[in-house]
Structure formats: structure tokens, C-alpha cells
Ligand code: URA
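This document starts with one chain, in the form predicted alone, laid out as C-alpha cells.
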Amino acid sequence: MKSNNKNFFSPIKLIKYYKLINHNLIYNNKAINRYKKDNFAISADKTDNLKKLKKSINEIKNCSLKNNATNMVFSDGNPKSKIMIIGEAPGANEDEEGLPFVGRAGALLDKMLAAIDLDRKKVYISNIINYRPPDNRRPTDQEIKRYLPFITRHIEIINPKILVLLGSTAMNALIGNDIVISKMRGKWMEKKFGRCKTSVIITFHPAFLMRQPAQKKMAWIDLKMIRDKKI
């Protein structure tokens, strides 16, 4: 690690970060009611393209994920944002509300964003897969392959300057299967998705951090890198 990262481990900053992301998280299992109320003014082209993309996903045929899901989970946040965050797939709470990251992992994601002065009005959030896999299992390679063109197009439409991939599934789908997250997280890379050229960074999925809280220190490094990136 370069010497200019030494301040990432400032004791005072780490204490504030841990207090923020741990407060009331373990004991609150309720989903967050986050139905959209914000109407972000975006260009007619972007609005039209997002509607077409959503329609295309909704018209997928012979998909067991879609057939067993309650709702499509398309996105949340600000489509004008320069920061796009992509996770794995919806869980039970997300399937119920039709929005990404509204369960316990979503609560932790909100706290992680708040730690670097961001919130859902300042970022745009989606998943590799738009429908909940049964029992919250990991999507299969075949399912990921089927939905990959949609998330690739989604990235192209939003055209973010920073793309944050949460967890191994998002990383493997969009970067490659021959890499591991422990070696790739916390590094910037340039990547093109259609006509969108963006700076990509990989970090741990909030659900993983709940299972492995010791890794929150590493996630803090990644968050600071996102905060300090000039966009």
C-alpha cells in the first residue's frame, strides 16, 4: 500500500466509521420502506432508454427467476449520478419492494455511503440480476450470462464516471472469472461498456461484511478511494 493511504487507518476516523455502520444494524431485521418519491430531471433520451431497457427485461421469456419473483428490481437512486453501484441480485425484501438494497445489506450500504457523505440521491444502484434467485442463492453462470447484456446496457445508459462493483458476483460478471476479490478490491481500473468508459473499483458486498466484520476495515479503504476520486 502506498504511503498516501496511511491516513485511511486514522483511529478517530475508523471509530466514527465503525460506530456509523454498526449502529442498530444487527438488531433490526425490518426492511427499509424506500419507495421512490424523488423525480430526478434527466434528459428525454436517458428516460426513453431506461424505459426501453426496463421493458426489454420485463419481456424476457422462459426465465425461472422472473416466473418465481414478485417484482422486477431495476434500480434506485439518481440516474444523473456520476457514481453507479452494482450488486449481485435481489433478496426477499428487494423482491417485495421492487428496489435494490432495502434489507439488512441495504441498511449497511446506506451507512457505508453516509460515511463518505453520499446517499441514494447522489448515487445510482442496480444489480447484475433483476429478479430474486430462490432462497437468495447465488445466480448461476447461465443466469448471469442471460442478464449480462441488460446490465451492460444499463451502465452504458447511466454513463457513470465511477462504477462500484459490490462482491465477487458483480466483479466476475463484468471484469472476469479468472480473478479473486481479495486481490482486486481497492484498485482502480479503466473499463468500457459500450460507449461508456468508466473508472471501476471493486469492494466487498455489504452482506459479506455482515458475515465477516473484520473486513470492514478493508472496505473503509475502498470507500475513501471512492470519496477522494475526482469526478
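This is a predicted model, so every value here is computed, not measured. Just count from 1 along the sequence shown to find any residue number.
Absent from the display: the form predicted together with this ligand. The rest refers to it.
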Next on the checklist: Which is the contacting stretch out of 76 to 84, 110 to 118, 97 to 105, 149 to 157, given heavy atoms within 4.5 Å of this ligand in the predicted complex?
Outcome noted: 97 to 105
Next on the checklist: Against this ligand in the predicted complex, would residue 144 count as a contact residue? Criterion: heavy atoms within 4.5 Å.
Outcome noted: no
Checklist entry - Taking the shortest heavy atom distance, is residue 89 within 4.5 Å of this ligand in the predicted complex? => result yes
Item to check | residue 130: touches this ligand in the predicted complex, heavy atom cutoff 4.5 angstroms | outcome: no
Checklist entry - Is there any non-hydrogen atom of residue 185 lying within 4.5 Å of this ligand in the predicted complex? => result no
Checklist entry - Across 199 to 213, which residues bring a heavy atom to within 4.5 Å of this ligand in the predicted complex? => result 205
